[in-house]
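A single chain comes next, written as structure tokens; it is the form predicted alone.
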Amino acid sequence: MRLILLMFLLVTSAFAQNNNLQLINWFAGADIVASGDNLDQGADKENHLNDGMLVREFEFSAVSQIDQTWQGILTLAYHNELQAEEEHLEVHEAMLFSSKLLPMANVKIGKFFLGFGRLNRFHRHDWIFTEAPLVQKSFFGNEGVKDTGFEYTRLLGGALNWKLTVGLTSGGEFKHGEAHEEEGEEEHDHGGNPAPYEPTRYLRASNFIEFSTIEGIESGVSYVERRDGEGTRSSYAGLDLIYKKRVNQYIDRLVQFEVWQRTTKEMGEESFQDLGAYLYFEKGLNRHHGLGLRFDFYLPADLEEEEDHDEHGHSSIDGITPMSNYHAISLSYNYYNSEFMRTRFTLEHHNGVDVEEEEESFQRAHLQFVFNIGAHPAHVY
């Protein structure tokens, strides 16, 4: 794995020497995280979060105009997930992108992060907090959903600047790490896809309201539907919102919110639902300093009805086993060294967690360093 990464870097650095001739924009970024908690070290391993410091993610990408119509985007990423205790190298993006093929529309073909919700449309190193809310981890994984297929986004216009995104992907990958877990299973074909499966379908309708040149709000509704390799059908309905007010060279106020409901039906079983949400508020003090506050809520589907506890309940999500009253609050201090680096310290308090069949609360801390070099692609609002 490390040999593959080294070979990739050697080849790309050779191309980078002719950057002006090739007209290729190169970008690299790293996400370094140290984490620790006060959970009893003697607790069951399945219900215990690991402590430590690691390079959680390293990303290398190249973006270039192919011709008058198409752009090419290639991104390779190395992951080392603390809770999974594994590291791997994978393709994040390998896609064709065009804003000129069709009028007032963007087209993606290839592998990419699916364009629904809020967090899922961003790479993790660009998130406004260190760890994903529990609802994001449960529904879409620690990082987000990426797959191979086709996505079409069209600006519909109107007073509220409506935009519609529709996508159809292979369905062979959904949660982060899912494809790696499936590689060793004999029932899968040579392409690494589970069988039987259905393509993942999704859509998002959003609008943007500009209050002034420094203040605006974007909101959207999303719907996702799929069937995995075990025949389980899942549908996801969500609402997302982001509000920003920028003063001079920093964001003075930011509010971000998502709520999701998942309906799952396993083969030969009744369907069940789970629900989760988070609300994040950040206050910028100046161009270098900011404070963030986040509230999380998650209601496991299986705990909505008492008799279903043993059948579906008490499933671990990245080391946390939520009970029916799970909620969390986190406070973060953000230091923006520059446009290309930021440091974030976060304290979390989790309540309503099942540890060895007893309800507990615990605290967890994260120290994160994120830095970028090269030409980072433009961010969406």
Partner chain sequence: MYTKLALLIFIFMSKLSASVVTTLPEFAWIVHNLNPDTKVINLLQGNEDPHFVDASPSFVFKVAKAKLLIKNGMQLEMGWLPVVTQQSGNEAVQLGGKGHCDASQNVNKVGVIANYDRSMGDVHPVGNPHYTLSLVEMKSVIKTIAKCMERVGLEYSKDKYTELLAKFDAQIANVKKLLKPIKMKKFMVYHTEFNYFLRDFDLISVGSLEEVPGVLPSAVYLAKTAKKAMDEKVSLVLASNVSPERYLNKFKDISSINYVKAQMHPLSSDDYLKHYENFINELVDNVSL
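Every value quoted in this text rests on a predicted model; they were computed, and no experiment measured them. Residue numbers count along the first chain shown, from 1.
A second form of this protein, the form predicted together with the partner chain, is not displayed here; the remarks below concern that form.
Participant: Out of the stretches listed (126-134, 167-175, 269-277, 284-292), which one is close to the partner chain in the predicted complex, meaning heavy atoms within 4.5 Å?
Facilitator: Contact-bearing stretch, as computed: 284-292.
Participant: Looking at L96, L74, V259, L155 here, can you tell me which has any non-hydrogen atom within 4.5 angstroms of the partner chain in the predicted complex?
Facilitator: By the 4.5 Å heavy-atom cutoff, the listed residue in contact is L155.
Participant: Counting only non-hydrogen atoms and a 4.5 angstroms cut-off, does Y223 reach the partner chain in the predicted complex?
Facilitator: Outside the cut-off, so no.
Participant: Counting only non-hydrogen atoms and a 4.5 angstroms cut-off, does N106 reach the partner chain in the predicted complex?
Facilitator: Within the cut-off, so yes.
Participant: At 4.5 Å between heavy atoms, is Q363 in contact with the partner chain in the predicted complex?
Facilitator: No, Q363 stays farther than 4.5 Å from the partner chain in the predicted complex.
Participant: In the predicted complex, is there a heavy atom of the partner chain that lies within 4.5 Å of any heavy atom of L23, even though the partner is absent here?
Facilitator: Taking the distances in the predicted complex, the answer for L23 is no, it never comes within 4.5 Å of the partner chain.
Participant: May I ask you to list the residues of 156-172 that have any heavy atom within 4.5 angstroms of the partner chain in the predicted complex, in sequence order?
Facilitator: Going through 156-172 in order - heavy atoms within 4.5 Å of the partner chain in the predicted complex - the hits are L156, G157, G158, A159, N161, W162, K163.
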